[in-house]
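Shown below, as structure tokens, is a lone chain in the form predicted alone; questions about how it binds or moves come after it.
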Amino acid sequence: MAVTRFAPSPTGYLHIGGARTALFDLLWAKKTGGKFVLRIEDTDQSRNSPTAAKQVMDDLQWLGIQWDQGPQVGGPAGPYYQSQRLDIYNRYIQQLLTSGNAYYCFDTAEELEQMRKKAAGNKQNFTYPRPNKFPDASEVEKAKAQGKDVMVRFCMPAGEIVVEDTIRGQVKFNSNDISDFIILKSDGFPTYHFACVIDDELMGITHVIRGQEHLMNTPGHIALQKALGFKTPVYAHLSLTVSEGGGKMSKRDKAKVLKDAIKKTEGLDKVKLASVAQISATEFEEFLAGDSMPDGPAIDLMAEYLGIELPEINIVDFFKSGYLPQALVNFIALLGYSSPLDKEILTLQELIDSFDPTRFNKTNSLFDRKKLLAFNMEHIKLLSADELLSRYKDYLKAANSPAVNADDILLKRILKAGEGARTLAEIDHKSRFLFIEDNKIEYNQKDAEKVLLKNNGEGIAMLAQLKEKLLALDKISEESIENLLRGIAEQKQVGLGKVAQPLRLAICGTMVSLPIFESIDMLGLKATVRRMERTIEKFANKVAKEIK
């Protein structure tokens, strides 16, 4: 029975790599009848964000990754916020100090930098020089009185440390190459390395799944476990997921796209953009210079203001782009892992039932966005009409869509007409014309030139004829509209597109929309005719000028 944990730091929103780790934690625990624990590692007081912690939990629940113990649900090993466990950590810090496995240090950042430079000058790897005699209580009090930072370092033992890893096999480390690392910071909070070791033991964690970038931390964690008399859990260090550009998936991908767009925008009001992002002008300039990174919400606000589409990195990005949680879970479960099943479209329960930790891959996996779109399209098809409606309404609210107040009857018609869409956002964008005032339709200029103005305005002429034919219909319905348009196409011996496309452009302003027959039926005859008249009026003069 596996007891796993996902332990995010609430310094930002849940990103795709973290979600993948959490998912495998859930799969391993549920497959073995164990427990999945959520722990919030909020010991970095300078970077913690209560908003981020809540968003991480909201994102996990949206994905269907529900924890058995942790915030909101409780459990026998709480509290599950590390910032509320300081008394526990202090007891173990004292145990290590008493046993001689840890010692106080007072080095400033400048002094440490000089040590590093000296090691580099001697072409040596820097390891902290352990003092021959550890500072005693009087020296600690003296350092505090002088205003020095007081920290605690762990004594790395001599010899070889072997990590038995489920994915990578046996990995050996020479502890002489590993520096005595800080376990208690000057602000009184433990470091990640120390707190996670204490919590894993006290919370009964048997399996630790995390990214391969943490492999280098593991020998230090094992040394701590031995010094404290703790058990060593089973480790599994997941391979990296890389973007199509070849680099690790990172929030910096979003920042780079935004920064490039800002630099290319002429006449940009930087003060206004900084205000939109709710950051100072100085922070904005530091961002452009590459010296700092604004939080995710600031990046999103700037992109929205400039009308820039950013690559999805955080889970909330995928939600706002119209992806289903089922599709995202299915997709990330196959990153660095080979399912034993002979199909790719899988439910969460199928992933749990078939989970096999021997099928993790050592090689990096590609985050193939085209494949994710294909997965999403398939999962949209699998949803019942009611569940799809519920998911769509959640998306509309998040996207601030003008369709958010539409009734369920209309939304179900839109969803039916949008069958085959790859995302919920695609359905929303194709149906936006239904929720825009007739005189607010904006025309895509290239589409207008191609469909309306080409060949001396044959599209405009077609609209004029269609208007009269539509007004003469006894009854408007999808069937009557289809019969009318096909009849005209047959009579004029042209393809249906020659008839339907001018009409589509007139009512939508673009060639990307829901099927034309359903579109007109949902929009209604009066609004359709008004939009046709406005289009004829707007473009007829252009045709006349071109003829002259």
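The first residue of the shown sequence is 1; numbering continues from there. Quantities reported herein were computed from a predicted structural model and do not represent experimental measurements.
What comes next is about the form predicted in complex with glutamic acid (GLU), which is not displayed.
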Inset, instruction - Find out whether any non-hydrogen atom of C196 is located within 4.5 angstroms of glutamic acid (GLU) in the predicted complex, and reply yes or no. - result: yes
Inset, instruction - Indicate whether V3 is a 4.5 Å heavy atom neighbour of glutamic acid (GLU) in the predicted complex. - result: no
Inset, instruction - State yes or no: in the predicted complex, is some non-hydrogen atom of E41 no more than 4.5 angstroms from a non-hydrogen atom of glutamic acid (GLU)? - result: yes
Legend entry - K320, heavy atom within 4.5 angstroms of glutamic acid (GLU) in the predicted complex: no
Legend entry - Option touching glutamic acid (GLU), based on a heavy atom within 4.5 Å in the predicted complex, out of H214, R391, H207, R153: H214
Legend entry - Contact residue in the predicted complex, chosen from Y192, Y81, Y89, Y128 - any heavy atom within 4.5 Å of glutamic acid (GLU): Y192
Inset, instruction - Taking only heavy atoms into account, state which residues of 1 to 40 are within 4.5 Å of glutamic acid (GLU) in the predicted complex, ordered by sequence. - result: R5, A7, P8, S9
